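Shown below, as structure tokens, is a lone chain in the form predicted alone; questions about how it binds or moves come after it.
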């Protein structure tokens, strides 16, 4: 095992972080975490002897633009990278290729990649409960295979599916609605990655800043935030075919 690995991720509702840590914990004795969800961008310098795991949620077959921007603050300086695109059971399309391109552009050597499952952040029946114990065991096996690759051929780049130019995707023109259950505790405002919720009026959401990451919905203790019912109905219609489907994690070396 490696002595240390740094897990760099954007995980608004927790699924991407959980999947990333399952993989990272199988690779190193010590796992350091770098959460990219904080609004302030800081420059992070890595060294050639470091190993860094980049994990990104998949939105519409792409890496969130928010995470792409923050990865640009990470300087690889020749460090080895492992990448993981984490998706909610539908498809990951160009996301893993885009993540690899983004990480390589920052001076990292991408040696291994994975497409991992996590419960869908909007339609929870899709990939419900993932990553689960079965995933944890499999990601331990992935970790062993990655370590073997790093020992034998660390400079051979991983080849992953996807197309350039990346597929077009645009965010739904909607923000979470707030019900009368809101007690204005302000937790959503504190946790919002883009400061789209005013601290002085947490019942509001600024549509020009909201990236629909669903963190405010997931952290609200009163369950006072949710997408409008018509949007949820449309999401259910689109994603319900994947509810009973168990997709498998994939490893690319």
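The model shown is predicted, which means the values in this text are computed figures rather than measured ones. Positions refer to the first chain, counted from 1.
There is another form of this protein, the form predicted together with a small molecule, and it is not shown here; the text below is about that form.
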Practice problem: Could you work out which of 212, 53, 188, 36 is the residue within 4.5 angstroms of the small molecule in the predicted bound form, going by heavy atoms? | Solution: 212
Exercise. Check each of 143, 118, 114, 80 and return the one that places a heavy atom within 4.5 angstroms of the small molecule in the predicted bound form.
Key: 118
Quiz item: Among 195-203, 28-36, 213-221, 43-51, which stretch has residues whose heavy atoms lie within 4.5 Å of the small molecule in the predicted bound form?
Solution: 213-221
Quiz item: So, in the predicted bound form, is residue 87 in contact with the small molecule at a 4.5 angstroms heavy atom limit?
Solution: yes
Quiz item: Is residue 158 a contact residue for the small molecule in the predicted bound form, using a 4.5 Å heavy atom cut-off?
Solution: no
Exercise. Classify residue 91 as contacting or not contacting the small molecule in the predicted bound form by the rule of any non-hydrogen atom within 4.5 angstroms, answering yes or no.
Key: yes
Quiz item: Could you tell me if residue 122 has a non-hydrogen atom within 4.5 Å of the small molecule in the predicted bound form?
Solution: yes
